[in-house]
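Below you'll find only one chain, the form predicted on its own, shown as C-alpha cells.
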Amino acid sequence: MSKVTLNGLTKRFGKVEAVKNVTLKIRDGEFVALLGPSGCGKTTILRCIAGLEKPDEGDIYIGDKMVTRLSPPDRNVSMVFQSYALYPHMTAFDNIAFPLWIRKRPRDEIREKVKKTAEILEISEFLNRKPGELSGGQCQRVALGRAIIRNPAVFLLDEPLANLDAKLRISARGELKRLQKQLGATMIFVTHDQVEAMTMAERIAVMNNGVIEQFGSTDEIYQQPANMFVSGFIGTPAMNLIKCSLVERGGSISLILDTNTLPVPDSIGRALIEKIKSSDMVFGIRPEDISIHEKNKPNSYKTKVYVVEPLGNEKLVTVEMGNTYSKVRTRLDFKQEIGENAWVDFDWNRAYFFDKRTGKVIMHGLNKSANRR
C-alpha cells in the first residue's frame, strides 16, 4: 500500500472552481474520509486521484511517484462507486475476476485469487449469481472484491454505502472497517454522512466549497472544531450555534441573546475579553452539554419548550432561546411539554466561542485558548 499526497490541487469546471488549492497528506495504510455536503468537491478530489479527472493545477503523488499525468490504469488504484458499477450479465465470480481477465492472467491464478477474495468477503456461496440476484449488501461486497483482487496501492470509495438500507449500512460500516484493517490498505472514503466518517475513518477531511476546513482525527474534529462550519456539521444533533454579544456591567460579564441576558463565569468571561476584537460573537454548545430542569435554579436561563422527541433511552428537547432554537439531550423522565417553561444551564468548560465575521474559533472553554487551524 502507499501514501497519497496532494499538493495545491485545483480543478475547475468552466467558471466553477470545484476544488481550490487543496493540499493533503494521507499516510500509508490509513483510512481517511472526505466529508462534506453535496457539491463541496470531495468526489472531484477522488476522481482526480483515480485519473478520471485532470486537475488544472497541482500535483498528485501515490507513494513517492507523481501520477498527475498518468492514465488511470497506470496509477494502481481501485475505485468502488456508489452504484457498484457491476456488469449485470456477468456472475459475481466474473465481476470479481474481470480485472485479471483483461490482464490475461492464467485461469488457475484467477480462480485461486477469486476464491481467496470471496472468502475474505464471505461471499463464496454467491459467486454463481448475477447482480440482479444479489442483495445490495452482497453487490457491495462483490464490488469491493473486484477492487481487492487487483491488490492496488490505494482504494478509492465513492459513497459505497449510500444505496444500502439503514440497518445494512450499519453492519456494512463495521465490515468495511474490519476489512481495511485486515488488508492494511490505504483507503480514501467519500461520504456526506458524518456518522459514517466518525465511525470508520482514522482521520477526516471536512470539506466546504472546494476547500478543506479541517483535517484531523475524529476526536480533534469533534472536540476542537476549527470553525463554525465544522462544529455545525459534526455531531448528531449538531452543535447549537447562538448569535450573541459580550458585555461587562457592574463587574459581571454576560452574553446578550437578543434582549435576554446569560451570565458567564468570570474566569471564562475575562479570558474572552482578552481575546475578542469585537463584542459580537457566536456561542456554541453541544446538546449533551446543556442541562434542562422543570424548575428554576440559580444561574439558570429561562426557555420555553418548542418540541420534545423521545429517543427510547433519552429525550431530545428543542427549546426557544431568544429568537433561536437549541437542542438539549436529557433524561427520559423529563416531564415538560410543548409550550411550557423550562430552565437550562451550561457546562461552560465545554462551551465554544466563534468570531461572528470569520467563523473561526476564538476560545474553547476547556482550555480557554484558541484552537485555530
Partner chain sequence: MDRKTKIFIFLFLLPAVVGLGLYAYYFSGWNLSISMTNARSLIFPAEFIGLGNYERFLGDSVFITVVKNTAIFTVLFMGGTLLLGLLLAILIDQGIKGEGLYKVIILIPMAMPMVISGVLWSWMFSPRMGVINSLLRVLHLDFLTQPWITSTSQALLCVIIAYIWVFTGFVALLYLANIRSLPNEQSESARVDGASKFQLYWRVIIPQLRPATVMAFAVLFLNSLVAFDLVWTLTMGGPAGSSELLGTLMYKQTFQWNYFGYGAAIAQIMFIISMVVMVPYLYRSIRRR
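Positions refer to the first chain, counted from 1. What you see is a predicted model; the values in this text were computed from it and never measured.
We do not show the form predicted in complex with its partner chain, though everything after this point is about it.
Out of the listed residues Met79, Met228, Ala153, Ile110, Met79 is the one that sits within 4.5 Å of its partner chain in the model of the complex by at least one heavy atom.
Think of it this way: in the model of the complex, its partner chain has a heavy atom of just one of Arg178, Lys277, His89, Lys167 within 4.5 Å, and the residue is His89. A residue is said to contact a partner when one of its heavy atoms sits within 4.5 Å of a partner heavy atom; Gly51 meets this definition for its partner chain in the model of the complex.
Although the partner is absent here, Tyr222 sits far enough away that none of its heavy atoms falls within 4.5 Å of its partner chain in the model of the complex. Mapping the unseen interface onto this chain, Ser245 falls outside it, with no heavy atom inside 4.5 Å of its partner chain in the model of the complex. Residue contact check for Ser83: one or more of its heavy atoms lie within 4.5 Å of its partner chain in the model of the complex.
With its partner chain left out of view, the stretch that reaches within 4.5 Å of it through heavy atoms in the model of the complex is, among 277-285, 249-257, 212-220, 101-109, 101-109. Residues of 60-77 that come within 4.5 Å of its partner chain in the model of the complex, judged by any heavy atom, are Pro72, Pro73, Val77 in sequence order.
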